[in-house]
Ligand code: SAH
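Only one chain is shown below, in structure tokens, and it's the form predicted on its own.
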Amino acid sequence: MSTVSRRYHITTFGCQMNKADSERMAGILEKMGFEWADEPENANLVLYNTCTIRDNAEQKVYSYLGRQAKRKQEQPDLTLVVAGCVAQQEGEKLLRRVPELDLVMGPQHASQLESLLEQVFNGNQVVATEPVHIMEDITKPRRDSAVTAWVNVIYGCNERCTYCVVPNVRGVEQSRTPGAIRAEMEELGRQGYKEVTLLGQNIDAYGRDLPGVTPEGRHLHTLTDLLYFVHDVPGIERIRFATSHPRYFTERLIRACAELPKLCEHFHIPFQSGDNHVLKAMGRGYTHERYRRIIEAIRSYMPDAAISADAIAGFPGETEEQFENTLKLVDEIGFDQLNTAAYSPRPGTPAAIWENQLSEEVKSDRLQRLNHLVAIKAAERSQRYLGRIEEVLVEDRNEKNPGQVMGRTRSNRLTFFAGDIHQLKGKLIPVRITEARAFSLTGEAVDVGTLVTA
């Protein structure tokens, strides 16, 4: 490819892990001399970082790809890349479906983008989906935010949930060393970042694959140990982590979050179903009683903590009564936020070939009823913020109202208030909450001088 007008565009689908991977790949492209283009049509390298967790996300990728493949027929120097989970799942089949593709690469290969593209620029069509050991990546990601940042701590997943394609496409668990994680956070602190979210597909599994155990047989490296190790990184004011698995969530971890002032009072712990028979069929390895005990423990240490989760409606064989157990759990726990989805069969997963699939109508009806209840409970939970003063980390301006800025409370509630983004970006501002909606808040900045008793 000529050095003139090397411009790239990345479209990211799916989870936070994909967003973090996209930032790393953007960093590699910029190191190679590419410049960011706001629209794929203005780029001569277009990369789709894909998600296969649900069928509609996958289909969207194919429609976007079709458009670029057509464009490539008129502009042969266009480089087309598919990365991420669809790439890993489909591999060479993608080339047969879209012969215009130059590079198909799984998530484990994100840090090797430069060497893969060199092969492409030498005239090869490349498929990189074989399992690899993930090397420490020294490339500086091109972060989408200047205030908050993702930091991967563990890649892959060893769980075998019957509906989930993630272990097939992201590989086995590979933890980064505590030293490498802390070094990345220290660099972020020096660059002025205020908040870090530690990421893992199953973050509570962190450290199980690292060498060393105590005389009592406990792993030397756990997520809890990591939190104590990185907590005092200079410049970082807030730390979050996601995503947790109820099977591995410990009271020791909850206690650490209560003790360490930078740890935010927000936990994302998917439950997927409120019915034990369905949970067993899903291969989740816990009961709804165990899940409730975790939430009770969190609230005993931190009564005001925000709880978010994921849930699936219409899993194969789920009866109306079993679905109502999910509604009951949602009603009784009162989540601050819940990511919901109708069950979507994924290739290569056991549940996809079971004969007891539910109709689209039943799945859609259950999802609607679940979403309705979620909105009611979230609105109830939001009321507790009214009149309170919350610390908000300002991230950006409100696109819908440029006179307002937006940020998040420690409990991860999106909050809007009047202010100048140029003065406030990256600052922690006390905000008195005047309006509470189901999933966001509005308030007014408090004059710090008046905060004697607040």
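None of the values given here were measured: they were computed from a predicted structure. In this text, residue numbers run from 1 along the sequence as written.
We do not show the form predicted together with the ligand, though everything after this point is about it.
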Choose from 174 to 182, 289 to 297, 269 to 277, 187 to 195 the stretch whose residues reach within 4.5 Å of the ligand in the predicted bound form, heavy atoms counted.
269 to 277
Residue-level contact is defined here as any heavy atom of the residue lying within 4.5 Å of the ligand in the predicted bound form; does residue 108 satisfy this criterion?
no
Within 4.5 Å, heavy atoms only: does residue 163 come near the ligand in the predicted bound form?
yes
Answer with yes or no whether residue 312 is in contact with the ligand in the predicted bound form, where contact means some heavy atom within 4.5 Å.
yes
Can you check whether residue 343 is within 4.5 Å of the ligand in the predicted bound form, heavy atom basis?
yes
Contacting member of 381, 72, 221, 245, with respect to the ligand in the predicted bound form [4.5 Å, heavy atom]
245
Among 202, 337, 322, 129, which has any heavy atom within 4.5 Å of the ligand in the predicted bound form?
202
